[in-house]
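Here you get one chain, nothing else, as structure tokens; it is the form predicted alone.
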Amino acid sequence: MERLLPLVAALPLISALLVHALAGGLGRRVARLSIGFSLTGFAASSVLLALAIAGQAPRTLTFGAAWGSLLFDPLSVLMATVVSGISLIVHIYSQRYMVEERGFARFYVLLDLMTAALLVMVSAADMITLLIAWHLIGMLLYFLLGQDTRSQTAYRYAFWTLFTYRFGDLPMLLAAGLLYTAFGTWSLPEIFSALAAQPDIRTWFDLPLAEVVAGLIALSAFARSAQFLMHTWLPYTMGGPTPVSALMHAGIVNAGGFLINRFAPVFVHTSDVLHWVFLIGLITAVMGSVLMLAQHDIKKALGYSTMGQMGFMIMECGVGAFSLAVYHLIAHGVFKGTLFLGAGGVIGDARKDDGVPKDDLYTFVVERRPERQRRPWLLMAAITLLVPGAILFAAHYLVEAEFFHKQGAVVLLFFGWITGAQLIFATYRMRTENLARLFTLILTSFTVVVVGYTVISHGFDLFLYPDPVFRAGISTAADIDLIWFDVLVAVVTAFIVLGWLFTYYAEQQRIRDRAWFQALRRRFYRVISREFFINDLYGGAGRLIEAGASRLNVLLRWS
């Protein structure tokens, strides 16, 4: 039954060929043909996932002497199910959305080819197959984003995306060369087994192979997942069709998290790479979340939201929570895909009537006029800090008592703690006649979400990495010196507690209405409205390169 895997990857390719061949006779009805193949592929991938959950052993399906192999394992079938499911939804949505667009059949051909490339990527069992699929995804995305050939904006940012992707392909290409030079094989399972037998093997300039390859793989993941300094393409690719945006934000941009998980057997032998992965992910998560709040365009706000979520996903990899990152990318893919597919309807409705009732909730959210008379701020501050921490601790302790022995788990708890505190603080600032009822509903919802998230993420951990020794190795690779970690925990805890106490005090004393605070906020808004001047920096660098090339051209008399 596991031989269904090549069929799952072949179905969208067959669909693309048939759509191209029959478009002249079937016209718009080729969409039904493509949807039928997508539905069949999703059903087949679901069967494969059921086999993996039932305990079917991983195996490699080989179709060529040196390359062209696919891997049946929990990660590949899980990602194949997600890709085929999201692709099916996009196929169905596009049937009506794209019906009046030029190149209707071409769009479905590209969509099927993109699905095939994604499925091959997530199930590739050798480096050559992985590299080919990885490269094709960037090329196909370029054509999908530039579907409207009349739009100069769409073409410009499609090329910007292609350039970033090609830059990100180079580290993986180099990593593949290093691995083949060291072990003489392209097969990923064989490479991982050989590396496990020789974890201290060295490469060029006597550098540790595992560290170098892991760093190169991380760079490729950063480019594909729009991490800091390589993120500028993502928010500006909204000129493409909405179904492409949905597929890109729900599936393609998540490839970085998948890639790091695929090479987990390499990262487990590293010592410092995951620390840099965590740092880049943290910066990206904060920047994406802040920039999202400053956008007036709903699709661009969703783009920066994706950037923030991808940063958090990479950060989870950086603390050793590899399986949690997979769960995160699946949950985010489904959620963000839904938001993009519904964005057009929201924009259309807002142009007619905002539809927001002028009640107390509207006054709080839109006009920013919270109630002045509230409960004692010190009591509410204590509840804000203590209750989320207690819920998080209890939920994780019940699911896995050893959870708190992992440094990465403690780091993630801090982020959960901050999120819970923010939720309760927002409740405190709202106007309501029955604060106790609202507060109870908020805490109940928060508890259900935390327990569900904890149970599901633990299940993903056992499914993707059933070997407890390997799971412990990933956590160890992300650890830092225990003394420094304890100092960091103490400093961050004090910072959070004092920060929230100041937040409550500032809210009581109306500091935000004072002139110095307003001036500070205006300066900060200027910085984020210019997107931290990163685009300006790139634009200036581009102009300098162009000017230098022109002078060199004149100097050498080439024109």
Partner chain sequence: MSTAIYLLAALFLPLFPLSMAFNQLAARTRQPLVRAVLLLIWPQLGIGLIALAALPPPAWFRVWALVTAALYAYRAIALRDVGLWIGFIATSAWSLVWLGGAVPAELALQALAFSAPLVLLSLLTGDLERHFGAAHTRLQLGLASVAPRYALALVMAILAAVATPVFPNFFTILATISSPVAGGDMGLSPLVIGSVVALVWLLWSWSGIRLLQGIVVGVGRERAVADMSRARARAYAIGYLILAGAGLELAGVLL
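On a predicted model such as this, the values are computed, not experimentally measured, just so you know. Positions refer to the first chain, counted from 1.
From this point on, the text means the form predicted in complex with the partner chain, which you will not see here.
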**Message:** Each of 142, 177 and 186 having a non-hydrogen atom within 4.5 Å of the partner chain in the predicted complex: is that the case here?
**Reply:** yes
**Prompt:** Just one of 173, 290, 194, 456 has a heavy atom within 4.5 Å of the partner chain in the predicted complex. Which one?
**Reply:** 173
**Complete:** Only hit among 335, 167, 485, 276 for heavy atom within 4.5 Å of the partner chain in the predicted complex is 167
**Asked** So in the predicted complex, does residue 294 come within 4.5 Å of the partner chain, heavy atom to heavy atom?
**Response** no
**Message:** Since only the chain is shown here, I'm wondering whether residue 548 would be in contact with the partner chain in the predicted complex (any heavy atom pair within 4.5 Å).
**Reply:** yes
**Message:** Is it the case that residue 135, even though its partner is missing from this view, gets within 4.5 Å of the partner chain in the predicted complex, heavy atoms only?
**Reply:** yes
**Prompt:** Looking at the partner-bound form in the predicted complex, is residue 271 within 4.5 Å of the partner chain by any heavy atom?
**Reply:** no
**Message:** Partner absent here, but in the predicted complex, which of 144-152, 304-312, 237-245, 477-485 has residues with a heavy atom within 4.5 Å of the partner chain?
**Reply:** 144-152
**Asked** Hey, which residues along 193-213 are within 4.5 angstroms of the partner chain in the predicted complex, non-hydrogen atoms only?
**Response** 204, 205
